[in-house]
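In structure tokens, the next block holds one chain alone, the form predicted alone.
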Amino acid sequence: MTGIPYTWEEGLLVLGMVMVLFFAAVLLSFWKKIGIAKEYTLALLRGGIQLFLAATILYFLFDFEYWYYPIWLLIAAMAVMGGYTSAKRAGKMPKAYKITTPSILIGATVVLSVLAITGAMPSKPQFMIPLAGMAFGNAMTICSLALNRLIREFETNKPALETMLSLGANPKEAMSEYSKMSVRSALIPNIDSLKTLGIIFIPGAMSGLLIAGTDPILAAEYQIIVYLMIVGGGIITSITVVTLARKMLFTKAYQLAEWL
């Protein structure tokens, strides 16, 4: 037998027993006055409802003959939701979603296209939906980190930027170092995770494949493919977002934007 050795009905009973971990965390929070019990409870309820709703949709989608139509709608929804979520991290930047949404869409679409062309992502909803979720979720996180860091660098270094502009530098030249810094900063978590694969932790894709009974070597190969997608998409997304952000950070007269 491969995979989890029980049905979803039996899984409900197992889930109920494992809830002891939830109650332990809540009790410890009250005992030590940590103050996370309410937030943890609401987060678990919200996450659980969302997860079971997604599972229900996938249950029917996997058997739907024309599954490719709703998948395109799902990908569009991922891009829009990711763009608006990431835009909230842009502070006072006006209409930041016009930068974050295309950046996320470009970064995720490019790497998913490569996976599709090479055959690493079979044209089946069981593969396309999880990988698209990984690609867009990672692109959203990278976009938020890069844009947030870039804005903070601009706010911190306004005098230096204004000096460079007054000496004849154009916006691209003035923000060059800060752009590189923002891209590097956004990619640090992914690169650090890549360095410790298989030593400190076995990542999600490989863990899922192993639980499903996949050969360990094949699971390791596919995990590397996933990380190539994650890091590649992250680089494309972060470079795109700092490039598109330029028009929002500077005026047409080569001055810093008023909102900074």
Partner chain sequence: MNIIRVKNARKKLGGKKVLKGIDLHVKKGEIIALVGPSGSGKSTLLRTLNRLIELDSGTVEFNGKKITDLDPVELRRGAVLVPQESVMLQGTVMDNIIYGPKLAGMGNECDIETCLLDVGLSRRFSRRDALKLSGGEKKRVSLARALALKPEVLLLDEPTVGVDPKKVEKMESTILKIAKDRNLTVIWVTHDVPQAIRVADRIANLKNGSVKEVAKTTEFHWEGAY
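Positions refer to the first chain, counted from 1. These numbers were taken from a predicted model, which means no experiment stands behind them.
Another form exists, predicted together with its partner chain; not displayed. Remarks below refer to it.
Participant: Would you classify residue 162 as touching its partner chain in the predicted complex, given a 4.5 Å non-hydrogen atom cut-off?
Facilitator: Heavy-atom contact with its partner chain at 4.5 Å: present for residue 162.
Participant: If you check in the predicted complex, is residue 110 within 4.5 Å of its partner chain, heavy atoms only?
Facilitator: No - in the predicted complex, heavy atoms of residue 110 and its partner chain never come within 4.5 Å of each other.
Participant: Residue 188: heavy atom within 4.5 Å of its partner chain in the predicted complex?
Facilitator: So residue 188 does not count as contacting its partner chain.
Participant: Using 4.5 Å between non-hydrogen atoms, is residue 81 touching its partner chain in the predicted complex?
Facilitator: Contact with its partner chain, no.
Participant: Which of these stretches, 153 to 161, 72 to 80, 100 to 108, 130 to 138, has heavy atoms within 4.5 Å of its partner chain in the predicted complex?
Facilitator: Contact-bearing stretch, as computed: 153 to 161.
Participant: Do any residues of 165 to 180 have a non-hydrogen atom within 4.5 angstroms of its partner chain in the predicted complex? If so, which ones, in sequence order?
Facilitator: Counting only heavy atoms within 4.5 Å of its partner chain in the predicted complex, the contacting residues of 165 to 180 are 165, 166, 167, 168, 169, 170, 173, 174.
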